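As a starting point, one isolated chain is supplied in structure tokens, in the form predicted on its own.
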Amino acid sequence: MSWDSKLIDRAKEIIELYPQKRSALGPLLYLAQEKEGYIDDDSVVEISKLIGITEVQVRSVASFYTMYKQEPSGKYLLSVCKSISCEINNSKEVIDNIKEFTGLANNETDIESTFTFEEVECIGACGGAPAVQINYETVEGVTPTKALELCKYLKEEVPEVIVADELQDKFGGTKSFDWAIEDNSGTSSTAPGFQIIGTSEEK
């Protein structure tokens, strides 16, 4: 299904932020992911028209970066860091507990489309290892026990908007540094919540 007029208007507003149309490709891919949960063929066509590049060029960027999903994801994308800082702080047991709870292997989605699980490289929270992201909202200092509690919370409470501050208070531990400004905005999709491109929501 092609983009509606509201989404196209939003895309054009984003394009206006850049000196060259093609520079808006990344944010437009996030719009596409917010719309469908992944980068579908219709979105590739629409984006190529909007910024004047080929569909192959759009697809090459969308398929290169792992944050742009090529197939539908679950409501909650669970990303667990496995880089060295998280590894030495027991991310393996966090990963094992999440995999056991969800029944998923790496890069799998459950049949209810509730969870997608992925093991990822560094997400920039080494001082708060081990770190987990839910729809790209980061929670630091997650213990194996808290990882299970987090999964149960998502499955039972089914929050519509995922907010890092809230999850950090409920399930996090040591942080890389104090988060100076309280932020009640988050995301309701597997597209990261960016206020400037309109993919974030207030809770």
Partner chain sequence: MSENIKFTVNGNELEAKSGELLIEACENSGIHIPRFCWHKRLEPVGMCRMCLVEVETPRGKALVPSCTTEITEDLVVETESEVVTKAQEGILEFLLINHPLDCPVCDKAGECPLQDQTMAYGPGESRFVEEKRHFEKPISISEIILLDRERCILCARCTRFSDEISGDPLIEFIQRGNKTEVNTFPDEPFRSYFSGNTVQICPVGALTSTSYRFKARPWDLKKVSSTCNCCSVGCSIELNTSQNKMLRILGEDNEFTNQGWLSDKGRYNFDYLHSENRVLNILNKSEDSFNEISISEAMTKIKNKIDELDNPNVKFLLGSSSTNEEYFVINEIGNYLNKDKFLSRDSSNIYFGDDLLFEGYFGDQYSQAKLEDLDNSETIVVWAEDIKDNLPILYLRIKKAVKNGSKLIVFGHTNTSIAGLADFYFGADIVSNKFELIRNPNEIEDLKNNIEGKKVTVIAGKSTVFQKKESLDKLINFLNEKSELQVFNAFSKGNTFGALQNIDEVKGLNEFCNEFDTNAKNIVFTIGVNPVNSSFFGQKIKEKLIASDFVISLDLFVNETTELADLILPTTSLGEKEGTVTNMEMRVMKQNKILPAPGSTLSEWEYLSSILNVLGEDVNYKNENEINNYLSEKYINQEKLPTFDNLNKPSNLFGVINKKDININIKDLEEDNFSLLMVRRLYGDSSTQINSPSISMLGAHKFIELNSTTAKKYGINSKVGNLIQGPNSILINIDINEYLPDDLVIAPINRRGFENIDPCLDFDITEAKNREELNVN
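All values derive from a computational prediction rather than experimental measurement. Positions refer to the first chain, counted from 1.
The protein also exists as the form predicted in complex with its partner chain; that form is not presented, and the subsequent description refers to it.
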| property | result |
| --- | --- |
| Site test, Asn106, Glu119 and Ala147 vs its partner chain in the predicted bound form, non-hydrogen atom cutoff 4.5 Å | no |
| Val56: touches its partner chain in the predicted bound form, heavy atom cutoff 4.5 angstroms | yes |
| Asp169 within 4.5 Å of its partner chain in the predicted bound form, heavy atoms | no |
| Touches its partner chain in the predicted bound form: Val44 (any heavy atom, 4.5 Å) | yes |
| Among 147-155, 57-65, 30-38, 160-168, the region lying within 4.5 Å of its partner chain in the predicted bound form by heavy atom distance | 57-65 |
